[in-house]
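The data below hold one chain only, encoded as structure tokens and taken in the form predicted on its own.
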């Protein structure tokens, strides 16, 4: 230790916020505290990450309902299952990769199988961390999709983080919330709700549809702007509930536009793109289709903009995906004729 420097000076309660000059907003954490004040059944469990999971306010304001489980996610899942069987509604918190991959057997057998109302809340989705492969959740949606009874919700951004709490409580069984915290202070925000199991049309377009989730929603809107400059009117759908998927909306838009591109901060295998591909093929929809996401590879650590650029999670990548999908659609029409 540096001479004359107290041990407290070395403690970092929230390393995600380290270096940020203004306090980060805590839309999810504040919404959870507000919901818990209304419903005494809500309890909060955390794997030694109260700052990075925005649960420090819950710990301070409702300490009798806050459980510090330590860095032991599998045990935390078991604790939450027992509490749920006693009538409580546990929200348990860690990073996405730990609350899913590390505790998968416990989640499957102790929560999903009995259909208990446990809300698994993960932060650092996909490629949003400098901590490298061990902290990058690029397969969490795929694993959670495979579990019967599990609902998966990913807000599009800060505007839906608060609504995620209400959406999770609207589900009587288990829920996986995939959360990306704001990167900096925000002067203003137009909060939006989440309707469970329903996609949200953000932009209409007759030439194709981009279906996105999480931080890729913003990139999808940018891509639609760039395509409009090229004379293509492409719609954008935010899909905050990945399971159950809004299949009626997907099929309807695919039939009307003929081109569908998916965009997700996750492996292209097993995530939103896979879910929509399965939906379209089972419905026998003739459509030009492309997936934008992590291309079946592990990634290095880095800033979120750097990782998005290196691994193709950008508006440019979505534009390229649309061009590929539109070409496939045109080829299908030529062959049909």
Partner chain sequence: MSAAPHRTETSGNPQPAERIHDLAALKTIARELRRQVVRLVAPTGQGYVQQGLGATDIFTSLFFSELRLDPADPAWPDRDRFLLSTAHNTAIFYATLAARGCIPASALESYCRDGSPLEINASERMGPVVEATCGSLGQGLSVAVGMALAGRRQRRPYRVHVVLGDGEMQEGQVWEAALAAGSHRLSNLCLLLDYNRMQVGGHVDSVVDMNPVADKWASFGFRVDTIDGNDMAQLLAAFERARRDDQKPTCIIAETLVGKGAPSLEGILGHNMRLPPDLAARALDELSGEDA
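Positions refer to the first chain, counted from 1. Computed from a prediction, not measured in an experiment: that's the story for all the values here.
Although it is not shown, the form predicted together with its partner chain is what the next lines describe.
S.K.: Name the single residue among 294, 280, 49, 43 that comes within 4.5 Å of its partner chain in the predicted bound form, judging by heavy atoms.
M.R.: Flagged contact: 43.
S.K.: Note which of 106, 257, 267, 151 lies within 4.5 Å of its partner chain in the predicted bound form, where distance is taken over heavy atoms; exactly one does.
M.R.: Answer to the contact question: 106.
S.K.: Which among 188-196, 162-170, 109-117, 201-209 is in contact with its partner chain in the predicted bound form, heavy atoms within 4.5 angstroms?
M.R.: That would be stretch 109-117.
S.K.: Given that its partner chain is not shown alongside this chain, does residue 65 nevertheless sit within 4.5 Å of it in the predicted bound form, heavy atom to heavy atom?
M.R.: Yes, residue 65 lies within 4.5 Å of its partner chain in the predicted bound form.
S.K.: Given that its partner chain is not shown alongside this chain, does residue 147 nevertheless sit within 4.5 Å of it in the predicted bound form, heavy atom to heavy atom?
M.R.: Because no heavy atom of residue 147 falls inside 4.5 Å of its partner chain in the predicted bound form, the answer is no.
S.K.: So in the predicted bound form, does residue 183 come within 4.5 Å of its partner chain, heavy atom to heavy atom?
M.R.: The answer is no: residue 183 has no heavy atom within 4.5 Å of its partner chain.
S.K.: Residue-level question: is residue 86 within 4.5 Å of its partner chain in the predicted bound form, judged on heavy atoms?
M.R.: The answer is yes: residue 86 has a heavy atom within 4.5 Å of its partner chain.
S.K.: Since the partner is left out here, which residues of 49-79 would have a heavy atom within 4.5 Å of its partner chain in the predicted bound form?
M.R.: 64, 65, 67, 68, 72, 73, 74, 75, 78, 79, in sequence order.
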